[in-house]
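First, one chain by itself in structure tokens, the form predicted on its own.
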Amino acid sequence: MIAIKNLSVSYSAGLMKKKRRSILEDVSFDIQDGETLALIGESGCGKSTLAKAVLRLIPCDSGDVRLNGVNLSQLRRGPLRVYRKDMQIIFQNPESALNPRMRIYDSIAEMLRIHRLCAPRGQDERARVMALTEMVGLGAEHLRRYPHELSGGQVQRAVLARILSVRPKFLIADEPTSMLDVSVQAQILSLLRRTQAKNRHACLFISHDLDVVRIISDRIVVLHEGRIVETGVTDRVLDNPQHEYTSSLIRQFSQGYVEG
């Protein structure tokens, strides 16, 4: 489904912005249909940068990103727009993903309108929005509200409904539960697993919570200072790490020190 090969990203640094600071170096991995690949590592290792680079939200120095064999790295803005709906992301802070001036209904329906998936403001649109909100566990009364009138868990459900409206083939979940109460985290994770089982999309799950990673992922990629240091089946990596950095991450998590 998604294949990343030799991806490198650097930023301008220094007082005159003439120096380059490497953030990602020669990163390669792939994710199959219906598979969840977890990306773990300490804060600042490049996890969120990788997510943005894969979606072409920031420029890459080198490397390829292929979606079903199509090299997205070579596409200009116009042709790339065709594939935008196939790649979606859940950001860490759900409130930042929705326009605070738009009601929840319009935030969800906006995706349908942008990609012309149904007639705007018609019966088909409303039926689709209602079906999506029911799928993620929101009631019809939430559609009339603004984001600030919902709880964090309800906003994250609205964000997921918005994303699922375009039936993406590839989803990035960047710490999707880090801003939520513990009681709500399990509900959102269960919802993510159910929707993936139904839609069979590939998923890149970014997290520092290794308990969650063990439950939700099939494989793990360990990122350290912008490089992949270990990858493998989830249980194997967590139970029998081969790299010292992975072992250190696991020890820190068990002691409550890891920051994502």
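The structure displayed is predicted, hence computed values, not measured ones. One-based numbering along the sequence shown.
This next part talks about the form predicted together with a small molecule, which is not shown.
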Item checked: Contact flag, T195 vs the small molecule in the predicted bound form, heavy atom cut 4.5 Å -> no
Notebook entry, point to check: Does the 4.5 Å heavy atom contact test between E175 and the small molecule in the predicted bound form come out positive?
Noted result: yes
Notebook entry, point to check: Quick one: does G34 come within 4.5 Å of the small molecule in the predicted bound form, counting heavy atoms only?
Noted result: no
Check: Can any non-hydrogen atom of V27 be found within 4.5 angstroms of the small molecule in the predicted bound form?
Finding: no
Note to self: Each of Y11, I23 and E42 within 4.5 Å of the small molecule in the predicted bound form, by any heavy atom, yes or no?
What the structure shows: yes
Item checked: Which of 210-218, 196-204, 66-74, 42-50 sits within 4.5 Å of the small molecule in the predicted bound form, heavy atom basis -> 42-50
